[in-house]
Every structure is written in C-alpha cells, then in structure tokens.
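The chain below stands alone and is given in structure tokens; this is the form predicted alone.
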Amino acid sequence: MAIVVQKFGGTSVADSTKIKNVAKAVIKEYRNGNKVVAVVSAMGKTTDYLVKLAGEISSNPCNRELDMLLSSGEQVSISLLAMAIQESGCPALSMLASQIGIITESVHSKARIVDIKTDKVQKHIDTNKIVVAAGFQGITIDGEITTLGRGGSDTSAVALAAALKAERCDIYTDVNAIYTADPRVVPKASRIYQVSYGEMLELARVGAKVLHPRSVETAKQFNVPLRLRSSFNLEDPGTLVVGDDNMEICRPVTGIAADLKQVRIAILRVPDKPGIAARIFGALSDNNISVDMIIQSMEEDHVNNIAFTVHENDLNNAISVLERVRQEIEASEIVVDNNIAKVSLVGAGMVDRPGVAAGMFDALSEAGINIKMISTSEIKISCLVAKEKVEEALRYIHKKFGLDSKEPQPGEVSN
C-alpha cells in the first residue's frame, strides 16, 4: 500500500463541523487502500489569537516562550481530528512533532527541519493506523520546542512525505485549485491543472499564497508530487505540482501574482568604490534580512544610488542596520518608499520565447502605469508599481497574455 500525506490548514479545521469534514477526507483516502498521515494546523485563527494574547502580556515576548505557546494550538486540532476519525470506526492516533521526532535547528520562531525520525510513525502506519501529526512545530536535538514560521504546516507535510517516501502529498485548503491569478482581483482567472515545481516556487515567492515557498523547495528537492485540493470538495482533483520532466506543456506564461508586502529602500550618494555593495548587503545578510530587487544608478562625482526591496516585516531592522553602514561608508541618506507593489509574470517557457518582457511592459503602458524597478530571471519578470495601481496592472497583464478564462472561476487564491 502507498503512503499518502495529507495536510489541512487552519481554515479546514476551524470548528467541529469542519473537523468532521476533514475526517471524511482522511477516511476516504484510507479506505482507498492507502496508508495515511494527516498533518494539521491549529484551528482557524488560533495562532493569531495566541500571538495577540502574548502581546497583551509582553511588548517583546521571548521567542522561546512564544514557541511554547504557539505549539499548543496544533495539540488541540490533532487530538480532535483523531477523535473524529475514531468516531467513524477507523484507527487513528495523534502525535506531536516531539513524539514523531521532527528535528529542527536551534532557532525559535522560524526554525528549519534538519531531520525526521520516521521509526515511530512507520510503526503505527504499518499496523494500519492513521497518524494525525502536528504541523508547524519541531524539536531541537536538546529537546527545545520550536516553530517553523509562516507556512510551517505545509513544510512539515512535505518533509514528512519525503522522509516516508510517500506517493504524494495532498495540501487541502479552502480553494479548489491554483489559478493564473487571484480570482478576487482578476475574475477571469483560469484554472491551472498542472504546474512545475519551478513555476510554483516562483509564483509562491512573488505573492501567490496557496503554497509556501519552503514547502515547494522541499518537494522539488526530494521529488515529492504535490496536489493542491479543496477540503470542501473532495471529488475535485485540484492542481498537481510536479517536476519539469513530467510536464505535458511548457507554457511561455503560467500565471501572475502580486506582492504588496515589499518596501523599497534607497541609499543615496554611495561612494563608487570596490567593496561598498558587499558591505551594505553583507550587513543585511548578517542580520538575516533578505533582499529582493536591486538596482544601482550612477550619479556625478563618483557616487551611486543603490535601491532594493525588503519585506515590510524587516523594514525597521533593515533601517537600523543600514544607518550604521551609511555612516561608515559616508553615504548621504536613506529613503524609504512604502507605496509599492511587486507584480510578477511567471512561466517556464518564457526563456525560449522573445517578447514576453516587452508584452508585460506594453500592458502596463496601456494601463498608464509607471514602472519603478524591474528584475528578471529565466522564468520570471517582476516590476515594481504604485500600490494603488496593482489590481489594474494584474488585469491588464492577464488579458495581454491571453490568460483570461471564458467564464469567471469560483474560488480565491489564499492560504
């Protein structure tokens, strides 16, 4: 019998009725003859509530204690789901990450998985029990509880699927598929039935919220087939995410997405000397601040302006780091632009087809939208535009590349 890992997010287990519905999905897979491991997030907005509660106690809660608090959410959901499965007559048991042996690095709030001990889980599934596993959490080699950060349950599920050599990993959520754009913004977005790891990874990185980039990276690394499905429509096959070799069609453009969480930072009048850029971006890297788009423009008097984007959550830390560097290198000032959004076009086939970038720029021109920055890769083109223009930009680009469906599609791209 094949092993299938199923992941259910917080919206899928938000209340007792939804938990019973999830139990049906698990039992259906089990009765199809598969061995099943169900990975579950905390119920609904539980994690948000716990973060808020911690904030009422402390303005700067310790990350260790925050992980202890947040990890309690999954303990509730996994035990309730195990009860629901048992109530339907199927054998099931719940397991925390510490019981399974999901080993992470010693970093609180955004730890990465370094190993998974599969012996205990394998023993239970070999005796035909359904294992209900807690997502989002892990344990260090020293026994400290950690959490994996945003998208952690997706990552837990894919990592477990890889460790168990599962046939596939099904990610259940409140949408029925991946679309060429967010249907809430682009009503004519078309459904995607199959997408490559590379395309899905880029879409996830640039704003599509159906799958977290870390989970797609793990799936790609270990060649785990992913299937995004609706927990409310169990008959829908969803969208399959596979390797490039298994793709039937290599499309020039697969989809578009927007990221409204980016902030542009510019350091003005930076001395034009070797090693200056290394000092700026090295300092950011040393403080675990990721940089996205970068552009350098030369001014008179042997100075440059260097602009780049960071996630809004890293803004305060970035400014603190950059102010120290600015003084050291004798740059003139730091300027912040919060009124930006990144619009990205993704497609594995664009590398072999000229004119894709020109088409994107034409679409924005037709909409009267100014481009503030541009970055490209083999399968992605991104443009920074004013935040208030982002929805219009998405609709114009979507239509320009013939992605519009004949009929508006139901559903919405959210996590």
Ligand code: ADP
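All residue numbers are counted from 1 along the displayed sequence. Note that this is a predicted model, so its numbers are computed, not measured.
A second form of this protein, the form predicted in complex with the named molecule, is not displayed here; the remarks below concern that form.
Query raised in the report: Though only this chain appears here, would residue 174 touch the named molecule in the predicted complex if you measure heavy atom gaps against 4.5 Å?
Result: Although the named molecule is absent here, residue 174 would touch it in the predicted complex, with heavy atoms inside 4.5 Å.
Query raised in the report: For residue 183, is any heavy atom within 4.5 Å of the named molecule in the predicted complex, or not?
Result: It does: once the named molecule is placed as it appears in the predicted complex, residue 183 has a heavy atom within 4.5 Å of it.
**Report entry** Interface membership of residue 210, the named molecule in the predicted complex, 4.5 Å heavy atom rule
**Finding:** Answer yes; at least one heavy atom of residue 210 falls within 4.5 Å of the named molecule in the predicted complex.
Query raised in the report: Quick one: is residue 97 in contact with the named molecule in the predicted complex, heavy atoms, 4.5 Å cut-off?
Result: Contact check for residue 97: no, nothing within 4.5 Å of the named molecule in the predicted complex.
Query - Residue among 169, 102, 178, 130 with a heavy atom within 4.5 Å of the named molecule in the predicted complex - result: Of 169, 102, 178, 130, the residue with a heavy atom within 4.5 Å of the named molecule in the predicted complex is 178.
Report task. Would you mind picking out the stretch of 303-311, 108-116, 278-286, 202-210 that comes within 4.5 angstroms of the named molecule in the predicted complex, counting non-hydrogen atoms? Result -> Checking each option against the 4.5 Å cut-off leaves 202-210.
Query - Heavy atom contacts to the named molecule in the predicted complex at 4.5 Å, residues of 1-22 in sequence order - result: Contacting residues: 7, 9, 10, 11.
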